[in-house]
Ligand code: SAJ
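The chain below stands alone, shown as structure tokens; this is the form predicted alone.
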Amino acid sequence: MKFNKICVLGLGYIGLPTASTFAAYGLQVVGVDINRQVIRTLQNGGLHLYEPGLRTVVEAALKSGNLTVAPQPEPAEAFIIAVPTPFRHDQTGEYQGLPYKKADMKAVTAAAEAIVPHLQKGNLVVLESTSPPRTTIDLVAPILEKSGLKTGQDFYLCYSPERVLPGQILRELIENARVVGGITPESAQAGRDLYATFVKGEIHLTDATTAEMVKLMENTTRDINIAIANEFARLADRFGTNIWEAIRLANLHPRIDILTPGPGVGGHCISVDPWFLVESAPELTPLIQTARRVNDSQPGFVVDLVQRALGTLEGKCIAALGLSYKPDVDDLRESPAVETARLLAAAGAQVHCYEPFKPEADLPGLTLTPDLPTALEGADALLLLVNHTQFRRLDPPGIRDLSGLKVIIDTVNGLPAGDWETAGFRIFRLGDNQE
């Protein structure tokens, strides 16, 4: 198939880079978002999210005229759905007395319904949003068929998951292998033709439900591996040893690759996707459920570490550095750092949060500061929650002279203990109980 005009629904961390990349390769692209503030921001030359290199690509795409933005879809030859699939906040499931989280598919449903008036014979629709298995077949296809057209006969339908790393999205969109799952083999081929516009990695064709499983399996495997690292950190704390040294030595084995522990797991993928498998088959997923609960409870373990370091939390002032879910990005979705800060505040601490990539974030119940010196004012302890590059470069004597605090709590092994101890600090690290 040849494509001249496409419509991308959802202009978030995946949709906007995808739309801009297609435009950069010469296609006419309409980027759609129901958030009119997002549309206004883009039309006025702004950007509503941070991703290295994205501003340059978006500005070039808009200036060329290949990319336009609008609140509603338009007729096109292909439609890509890249909208959020968060948790439902109004309902959870339960299996054997334990709750599990359920996917909120309202945005996918609304996007598919918005395409229906514009769907024509020969069009291609691709769902990219991470979804529970069979979403393409059981949810999206019936909605699109309200147009009077038949899936796989009159139009093509695929599932193709994004598999990119925040901070490297623009490069990985192009270079990574792509999985395209079609409702029919012809649909998968149409999807390959679309992504071949810019994808340099291999494009692998399969069926839609297999493609949905691929994305969920990738992130669930990662979540389980992080969960065992976090449990190892708790064990090291119990046994009075250093988890970071233990992991380094264990990973010398050629068939071992233990990941690093931390305050938990966040983002819109690893902390979310495993629940989609649990929701679909709770009786078959005890390991996945346990791993999720381990990682979701890790902020509580950090709070306990802070309390041990300070003796009490009531009335203590803590400078919490980093709120994003991973280093050097501005994405706060499902961030364990945010959850840790909230738990500390609920326990009676005064928490001054500093997130350099999003200093003006709106987080009810938390106090965000515009810079590091403000966060350190009156602080009893510095709590490193995210391993941002600029935090790893902090100067211990400078922090001592600026703040007067004496306690450092490092949850990500980002600060060299020797340097801080030499400067007169007491340093507590996650999984390093040497008392």
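What you see is a predicted model, and the numbers here were worked out from it, not measured in a lab. The first residue of the shown sequence is 1; numbering continues from there.
Omitted from view is the form predicted in complex with the ligand, to which the following refers.
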Going by heavy atoms within 4.5 Å, which of 339-347, 257-265, 203-211, 91-99 lines up against the ligand in the predicted bound form? 257-265
Exactly one of Arg308, His118, Lys106, Arg163 comes within 4.5 Å of the ligand in the predicted bound form through a heavy atom, and that residue is Arg163
Candidate from Asn123, Asn219, Thr85, Thr151 lying within 4.5 Å of the ligand in the predicted bound form - any heavy atom: Asn219
Test of understanding: in the predicted bound form, would Asp273 fall inside 4.5 Å of the ligand by heavy atoms? yes
Taking the ligand as it sits in the predicted bound form, is Lys215 in contact with it (heavy atom to heavy atom, 4.5 Å or less)? yes
Would you check, heavy atoms only and a 4.5 Å threshold, whether Cys353 touches the ligand in the predicted bound form? no
Tyr156: touches the ligand in the predicted bound form, heavy atom cutoff 4.5 angstroms: no
If you apply a 4.5 angstroms heavy atom cut-off, which residues in 307-335 are near the ligand in the predicted bound form? Tyr325, Lys326
